[in-house]
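What follows is a pair of forms of the same protein chain, given separately as structure tokens and numbered structure 1 and structure 2.
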Structure 1
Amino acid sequence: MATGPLSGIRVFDLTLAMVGPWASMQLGAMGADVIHVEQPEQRVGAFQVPPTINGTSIGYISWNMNKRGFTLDLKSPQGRANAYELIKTCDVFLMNMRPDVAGRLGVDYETVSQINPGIVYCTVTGWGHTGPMRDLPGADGQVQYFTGGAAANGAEGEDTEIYRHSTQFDATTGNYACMSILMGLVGRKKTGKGQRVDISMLRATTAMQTPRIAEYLMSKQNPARLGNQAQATAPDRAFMCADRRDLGVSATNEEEWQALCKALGRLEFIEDPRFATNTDRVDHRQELSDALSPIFASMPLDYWVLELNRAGVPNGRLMRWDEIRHHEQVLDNNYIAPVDTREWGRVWTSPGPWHFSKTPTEWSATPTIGEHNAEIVAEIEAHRAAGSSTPQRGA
């Protein structure tokens, strides 16, 4: 029995590529029984995108943990009948395909909600179900470009640049899909009824950019390229220390600013009218940097880390993978851990960002395609034989 907070929730997970799988992986970690329904032809495409381990994309391996693998041909009568029987036992239906595919596969909202009125039915599209862009493809790169994902990034004096770890807008959308499904399930506790919820990459990734877009909407100014400086706060940037290492320093209220001045031994800055409030410091950004940079450059990074930690000023340095994976802070919080898979050996991943005191999440290996076919078919047969109607879970 799963220990997570979603123990007892079952998910019909008709997802592929990244966005949908990322959402259902989260539900699985929180204890839901996620049945990853794959169609036979899914063995190609995203499944093989490099890099690979034993011929399988590391993306597939990463994004499909915490699930049971089930293959089903939704275009065959037998497959569809099994899908409908399975849907009767599910609390959540999740699908990320282009608009109209659901109808072709016989799993549109009208059909699914008739089979199981308690189901929370979530679709994820690139650009929404309506509008001039509804039929265009949507994946991380396309969405980063279109939604202004580069608009606030860039070295000083350079052009705006894209975040080169191009899975983040997919994952952002998956996060919101998971969130919305959970909100829908909470709403169901009161009404006993499921409902439809739609998420698009456009709306999800612009929501994640809410503060920057809000600044644009109020000022009508596109963000300046500020390198490692924050747009709205100062000093909130990286300083190069004597040993040529970057130290991130974020003093974002007056208390932290004054603590920083004391740690640097420069009490006169506290009295300087150019630096009196955050707004003043943002307005005198360059003078502030000119004043502080030589001080940081006079001593090595470790010296400043100790000083600023003592003073209570948020600060930190760049860590790379080799350091992250062995770091005490990471290990003590189980932020990185190995997962042993049957087909792809031991892989390292980040087993979830939430810690629950009573209902701990669990992280399990990616199933191979169809790994759980036999047991799931047996469950479907048993349910059919019992002739039971939709169970009321969690209601």
Structure 2
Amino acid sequence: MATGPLSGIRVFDLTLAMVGPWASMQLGAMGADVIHVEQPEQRVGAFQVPPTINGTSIGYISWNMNKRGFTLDLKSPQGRANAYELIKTCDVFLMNMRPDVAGRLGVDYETVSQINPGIVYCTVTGWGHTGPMRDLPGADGQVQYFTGGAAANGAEGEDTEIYRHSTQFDATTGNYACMSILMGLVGRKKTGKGQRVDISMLRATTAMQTPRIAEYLMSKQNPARLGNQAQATAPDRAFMCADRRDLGVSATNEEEWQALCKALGRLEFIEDPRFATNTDRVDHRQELSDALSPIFASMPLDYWVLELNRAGVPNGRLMRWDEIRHHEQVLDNNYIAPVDTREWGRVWTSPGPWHFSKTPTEWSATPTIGEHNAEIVAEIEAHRAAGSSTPQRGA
């Protein structure tokens, strides 16, 4: 029995790839009954992105936890009839496909809201429902290129770079979708009415880049590519230490800058007019890096971590996954947890970024395709048999 804050909420989850599944996975972790609806034999083709476990993409496994698996052929009369009966019992409808697909499958907002007026209906597209790009595919890579995310990243004077985890823009859009659905449910509680919520990757990831866009609007200059350096503060970058390990150092205000100079034993930097204020340090970024780099290169990383922590200067060693996985801070806070699956064995995941003191969340295994068909069909038949005596969810 689900115990999370969304216990009692049911989601019709017609999603694929990452954006939509990521959003519905969060809803499921918070206690919603997420029914992940797929076409029979859905797990083929593009969703087999390596690496895989027993022929299934790790991405698919990672993004579809906390759900029940159900197959429906929405192009068949029986499949569509079952879908409509299931929609009557749902509070949320979530779909991430191109704009016209919902209509072709018979689950557009007009149809769904007639079946269940109280439903919160959320669609996620790449580019929005209007405009010359509305029907183009939109995924993480394309959106990074189009929104300027790639153009602003990379080493100075070198090629542009995309975010290498290839999920940052997908996950951000999914988080916005989850948040919007929650707000839709709050609105329904106040008004008694459902509504449509439209999210696009273009709009969501533009919002994510608001600080960089603000820099351009103020200066009329495109953000420069600066490698591992921050745009608005200096020094705020990684330095190579004597043991060939990288240390990130951030001095984001005058107090931290002066503390850094004292920790380095270079009080003369405080009086240097080139470095007097953050604006000065940004304007003389290269000269500042040239002055600091040999200092950090003179001693090993652990020495500088000790000195900077003692001085109160923000810093952090550049960690890799094999280090993070076993770090005491991660283990003590249970930030990575095992989930046992039937088809893929034990997998490890991050069990959500939040903690609810009175309604704890849970993470459950990714279902196989159609794993819960029998029980969900039984629920549909029971609801159909009850007929009009059973109220629609959210109505």
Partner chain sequence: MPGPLEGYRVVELAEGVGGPYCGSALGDAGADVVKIERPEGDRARGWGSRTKGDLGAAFQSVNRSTRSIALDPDTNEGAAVVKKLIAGADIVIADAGFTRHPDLQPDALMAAHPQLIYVQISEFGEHGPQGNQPPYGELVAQLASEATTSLGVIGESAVRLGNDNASMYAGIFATQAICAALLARDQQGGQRIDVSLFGAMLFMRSTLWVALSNPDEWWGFHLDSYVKPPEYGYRCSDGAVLFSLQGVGPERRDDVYQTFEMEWVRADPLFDLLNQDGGGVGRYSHVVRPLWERAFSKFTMDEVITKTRALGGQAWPKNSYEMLVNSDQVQYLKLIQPVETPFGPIDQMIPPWEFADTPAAIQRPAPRLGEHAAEVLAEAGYSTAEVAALRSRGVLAS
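Numbering runs along the sequence of structure 1, starting at 1. For clarity, a rigid core is taken as the largest C-alpha set superposing within 1.5 Å between two forms. These figures come from a predicted structure and were not determined experimentally.
Working note: structure 1 is the copy from the form predicted together with the partner chain; the remaining copy is not. After superposing the rigid core, the C-alpha of residue 130 moves by less than 2 Å between structure 1 and structure 2.
Superposition of the core reveals a Cα shift of less than 2 Å for residue 104 between structure 1 and structure 2. Relative to the superposed core, residue 266 undergoes a C-alpha shift of no less than 2 Å between structure 1 and structure 2. Overlaying the rigid core between structure 1 and structure 2 leaves the Cα of residue 224 displaced by 3.0 angstrom.
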